[in-house]
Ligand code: DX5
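Starting off, we have a lone chain in the form predicted on its own, written out as structure tokens.
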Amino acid sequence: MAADATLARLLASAPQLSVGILTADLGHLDDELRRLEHAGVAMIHTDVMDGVFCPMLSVGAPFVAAQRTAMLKDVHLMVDEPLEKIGPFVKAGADMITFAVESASNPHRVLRVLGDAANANDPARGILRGIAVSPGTPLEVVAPLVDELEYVMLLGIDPGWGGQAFAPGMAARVARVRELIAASGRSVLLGIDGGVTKANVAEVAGLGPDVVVTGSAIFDGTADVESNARMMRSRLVASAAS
């Protein structure tokens, strides 16, 4: 199913902030989602960790289904062998599904299956397909897959461990992925996830991503969720434009 309309909208409005929801007050999920909507956030990011591919264990498809929002549901699968696990997330209303390219023995097949999936929120549109690439993974893994995806997400940290600093060398990695996308002749989103803070969001935005993922900078333990989101969006757009 084609996801062209959603892809075109995100590219036209880039850079976008995708807010990681796991650091929110999950006992008041609806309230937290409303705060993000009021701040103009367009995408909500859910990290799904299985305790196998990465050490942490987080949430599953029911949590994605529980997100009652008009924001795009951006699901990041950090799970071992995602091919047989993507179906429940499609049914849960994911608008974008990204999986760790290192976690799949046949990533091309995962992308093909996602390409045939209908979006549960609107059967007329498809699901944006993405791969996430860890800092230590050679970027040439993107080349044979770029014709089957709409999103490449570069991780600024190793997946599954908290408290890490943003990885060095990201400027060169972003530039190389841009080259691979350009060579494909296709429209593909480029995202950065992991280690993005209030202190470095301007630097990250200056690298030229279309999507920036951050969670703890928004849900920082204070009541300022909406103002944090507005501030991060503002810095992101201003830095990208400069």
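What you are looking at is a predicted structure, and each value in this text was computed from that prediction instead of being measured. Numbers for residues come from their place in the sequence shown, where the first is 1.
Another form exists, predicted together with the ligand; not displayed. Remarks below refer to it.
Q: Using a 4.5 Å heavy atom cut-off, are G130, E150 and G191 all in contact with the ligand in the predicted bound form?
A: Not a single listed residue reaches the ligand in the predicted bound form, so no.
Q: Tell me, which of L207, V201, M49, V41 has a heavy atom within 4.5 angstroms of the ligand in the predicted bound form?
A: If I apply the 4.5 Å criterion carefully, the residue I get is M49.
Q: Go through G93, P82, P159, G126 and name the one with a heavy atom inside 4.5 Å of the ligand in the predicted bound form.
A: Of the listed residues, the single hit is P159.
Q: Decide whether V211 counts as a contact residue for the ligand in the predicted bound form under a heavy atom distance cut-off of 4.5 Å.
A: V211: no contact with the ligand in the predicted bound form.
Q: Determine whether any heavy atom of K73 comes within 4.5 Å of a heavy atom of the ligand in the predicted bound form, and answer yes or no.
A: Although the ligand is absent here, K73 would stay clear of it in the predicted bound form, with no heavy atoms inside 4.5 Å.
Q: Please check if L111 has a heavy atom lying within 4.5 Å of any heavy atom of the ligand in the predicted bound form.
A: The answer is no: L111 has no heavy atom within 4.5 Å of the ligand.
Q: Is there a non-hydrogen atom of I86 within 4.5 angstroms of a non-hydrogen atom of the ligand in the predicted bound form?
A: No, I86 stays farther than 4.5 Å from the ligand in the predicted bound form.
Q: For the chain seen here without its partner, which of 30-38, 174-182, 193-201, 65-73 has a heavy atom within 4.5 Å of the ligand in the predicted bound form?
A: Stretch with heavy atoms near the partner: 193-201.
Q: Residue by residue through 122-149, which ones have a non-hydrogen atom no more than 4.5 angstroms from the ligand in the predicted bound form?
A: The stretch 122-149, when checked against the ligand in the predicted bound form, contributes no residue at the 4.5 Å heavy-atom cut-off.
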